[in-house]
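One chain follows as structure tokens, the form predicted alone.
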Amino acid sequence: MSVPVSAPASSSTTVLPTAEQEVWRYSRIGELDMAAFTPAVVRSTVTGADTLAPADSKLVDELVASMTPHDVFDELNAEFNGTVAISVPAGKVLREPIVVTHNITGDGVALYPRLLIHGGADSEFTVVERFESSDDTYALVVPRLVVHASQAARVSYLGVNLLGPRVWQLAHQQATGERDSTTLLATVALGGDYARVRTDARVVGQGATTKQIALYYADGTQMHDFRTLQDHIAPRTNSDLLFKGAVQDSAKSVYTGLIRIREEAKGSVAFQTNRNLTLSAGAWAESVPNLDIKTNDVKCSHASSVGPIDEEQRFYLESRGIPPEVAQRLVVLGFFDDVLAMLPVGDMRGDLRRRVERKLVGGAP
């Protein structure tokens, strides 16, 4: 399942993008010093895939070829990656999730994990990808994800960021849904120093559906950065997005999203919602939803908000004897409840909710 990279070379001469580019606007990319990191071998563990045969090499090549490079980080991942490939055959239903865990260790290392997921026709399964490190790990993680759902496949993915406060993450995800398929791309982002996830979700077959959900929480000097694309290529396709985040102390978050309805995608339906809570005077959140519609006979909407918690909700709780700090915690947890309820792995929700609670009181996730 896991293929380690060969002896990597230095990336100290890499030319980086800048915040003047629209897709990197508001980012902290100018702070990244690539000379401080040396590419290293990626070692990942996989559980829950014992019943699956190794992915066919031709299929792996096709999934890799489907990746659309956007920047130098895609090129670096292609050069130094450690690949995990998961292929679920047609008609197979997995009741338990496949869990891929990347334990990030080392000092001054750059790691380039790549996860390839293929769902055969009418298959159904969930893959969880976890990124974990200790608080003293100093590293750069540049993951790449490719998801392909064949006709009528139901593929769910959950990425969980539990990285330490000295780790940067620069992720890029690409998903493609064929006719009548359903893809769910979920993210829970609690860790890292600067953590960025770019997600391109394409529905290329008639009747395909794609969903994106995210829960993110930043404190201290953290920053979470999300860029999303809901790309409708075939007619009568559907997409839905719900991202919810909270920032406190001097933390920041950025969300920019685009719904693109192409000329051939008549009868498509797309929704995009981003909500943000600012819990401290020094916290900052940016939300920029966008539409690009090239045909009629479609139904689309987008919404975003940035602001403090609802004072009426907090007052209601305090009026019943609940201390102010507890009232705020309850309001924030309630704010995240609908996203938690949509996560594809039910038995993880309690653990993730407790991790959010720890963040609310200043602890590590």
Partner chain sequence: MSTLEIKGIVASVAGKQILNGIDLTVRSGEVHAVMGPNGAGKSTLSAVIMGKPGYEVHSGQVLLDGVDLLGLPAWKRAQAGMHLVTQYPSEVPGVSLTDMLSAAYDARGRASDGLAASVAAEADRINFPVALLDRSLNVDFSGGEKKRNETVQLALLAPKFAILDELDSGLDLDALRDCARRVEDLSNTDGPNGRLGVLAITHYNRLLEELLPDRVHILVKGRIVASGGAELADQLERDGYEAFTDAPAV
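None of these values were measured; they are calculated from a predicted model. Residue numbers count along the first chain shown, from 1.
Beyond what is shown, the protein has a form predicted together with its partner chain; the following relates to that form.
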Inset, instruction - Using a 4.5 Å heavy atom cut-off, state whether Asp50 contacts its partner chain in the predicted complex. - result: no
Inset, instruction - Verify the contact flag for Ser319: yes if a non-hydrogen atom of it lies within 4.5 Å of a non-hydrogen atom of its partner chain in the predicted complex, no if not. - result: yes
Inset, instruction - Using a 4.5 Å heavy atom cut-off, state whether Gln313 contacts its partner chain in the predicted complex. - result: yes
Inset, instruction - Give a yes or no for Leu330: in the predicted complex, does one of its heavy atoms lie within 4.5 Å of a heavy atom belonging to its partner chain? - result: yes
Legend entry - Among the candidates Ala35, Val326, Leu59, Val41, the residue which, in the predicted complex, approaches its partner chain to within 4.5 Å (heavy atoms): Val326
Inset, instruction - Go through Pro69, Pro308, Gly30, Gly334 and name the one with a heavy atom inside 4.5 Å of its partner chain in the predicted complex. - result: Gly334
Inset, instruction - Spot the stretch among 41-49, 334-342, 59-67, 292-300 with residues whose non-hydrogen atoms come within 4.5 Å of its partner chain in the predicted complex. - result: 334-342
